[in-house]
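For reference, the chain that follows is the form predicted alone, supplied as structure tokens.
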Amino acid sequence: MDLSLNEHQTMLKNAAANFMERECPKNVLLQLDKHETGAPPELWHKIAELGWLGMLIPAQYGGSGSSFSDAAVLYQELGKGPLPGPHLSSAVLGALTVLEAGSEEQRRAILPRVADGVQVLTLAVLEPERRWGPDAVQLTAARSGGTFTLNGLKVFVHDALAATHFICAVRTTPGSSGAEGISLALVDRSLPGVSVRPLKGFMGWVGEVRFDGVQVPESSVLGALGGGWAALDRAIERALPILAAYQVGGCEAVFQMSVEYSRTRIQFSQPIGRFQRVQDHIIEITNAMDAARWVTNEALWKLDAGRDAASSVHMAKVVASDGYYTACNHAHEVHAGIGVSWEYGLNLHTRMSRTLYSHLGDPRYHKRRMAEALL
């Protein structure tokens, strides 16, 4: 397993780093933290023009058909910001879901618009029970002729306010349970009866989406009726290492901030980095960062090599989510008071680590999935 970057990946890494330095310095990231979508239109257009929204979309659908490792190089740099916005929701998870679940006609209609940034997708799966998995999907779609009527609520929908369309997991088979009978309906946000409300708190850019008598044509169901969860599960398995790479980038940024501060903060006439307890915290950050990096790289390598990656993918989500969360905790121990100052910027990572911790399932859920894959 060769983990060194090739020439193309090195160029991509440098381009992403330059973009972040030029377009998204800390003062801009602090402003984005208060933006309702995390991605104002002018910044979103710039990202689209660079082709980053189409990296995982095959060339025949308007993308570049890059490898998962290539995309991870980009997202690791974006995670160092961290750069908010619906790029993960739409260009990674949304695009992969359409590829897995959609018909050829649907792929050709949707994916070029996703790659151009015109159409912004996000998943709407979680319901008020807040459990991840097919059993928790209870929102039903009543069928009448060629139309489905949706009534119900989806919560903790990431990038809900930025989305133009929701990929909504619904039950189209009355009385079904588990993964059977779940379909994926592509719901236009502008349809009558769709309302979006931001959920306030320390998690960022999540919302509640309510469907009140929303009329969705059968042609908006991605792929076959009742086969949505299996396709969604395949898409998530391929998207998780990209999400983990973003979290690895966050760990790297937190590590650099902590090391730099330990070298420049003077107390008792010496840098605080000379104190063993401060060193202990930085070592814990290093351990979390390296563990997340190596398991993520293994999962990416297996995906690109066509190997069975299920157990590695779920391990990457567990270790990267725990690692980013833990790294931020220890970084606050290093920084003490200044670490909670909004202007300093560490809280951008702390907030993002909490936002992504349970996204697409918390570590406990993925530990169970990892065990199922291994056994």
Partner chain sequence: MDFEIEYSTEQERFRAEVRSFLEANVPAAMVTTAAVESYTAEQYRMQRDLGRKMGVRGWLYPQFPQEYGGGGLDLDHVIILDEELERLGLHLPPYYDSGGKMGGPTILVWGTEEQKQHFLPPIFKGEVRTWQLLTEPGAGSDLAGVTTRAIRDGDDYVVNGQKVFVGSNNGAEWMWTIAVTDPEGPRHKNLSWFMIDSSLPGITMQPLELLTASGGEAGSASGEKQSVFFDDVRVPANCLVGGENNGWTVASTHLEVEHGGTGNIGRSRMREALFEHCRTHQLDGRPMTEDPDIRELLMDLYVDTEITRLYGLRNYYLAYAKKARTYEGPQYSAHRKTSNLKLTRTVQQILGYYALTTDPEYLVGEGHIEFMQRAGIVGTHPGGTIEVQKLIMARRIGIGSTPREKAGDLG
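Positions refer to the first chain, counted from 1. Keep in mind the model is a prediction, meaning the values are calculated, not measured.
Keep in mind the form predicted in complex with its partner chain is missing from the figure; the text below concerns it.
Asker: Taking its partner chain in the predicted bound form, would Leu126, Pro198 and Arg368 all count as contacting it (heavy atom within 4.5 Å)?
Answerer: Result yes, every residue of the spot touches its partner chain.
Asker: Which one of these stretches, 38 to 46, 340 to 348, 306 to 314, 65 to 73, sits within 4.5 Å of its partner chain in the predicted bound form when only heavy atoms are counted?
Answerer: Careful reading of the contacts points to 340 to 348.
Asker: Even though its partner chain is not shown here, does Leu153 get within 4.5 Å of it in the predicted bound form, heavy atoms only?
Answerer: Leu153: contacts its partner chain in the predicted bound form.
Asker: Does His281 make contact with its partner chain in the predicted bound form, using a 4.5 Å heavy atom cut-off?
Answerer: Although its partner chain is absent here, His281 would touch it in the predicted bound form, with heavy atoms inside 4.5 Å.
Asker: In the predicted bound form, does His87 have a heavy atom within 4.5 Å of its partner chain?
Answerer: No, no contact at 4.5 Å.
Asker: So in the predicted bound form, does Asn329 come within 4.5 Å of its partner chain, heavy atom to heavy atom?
Answerer: Judged by the heavy-atom cut-off of 4.5 Å, Asn329 is in contact with its partner chain in the predicted bound form.
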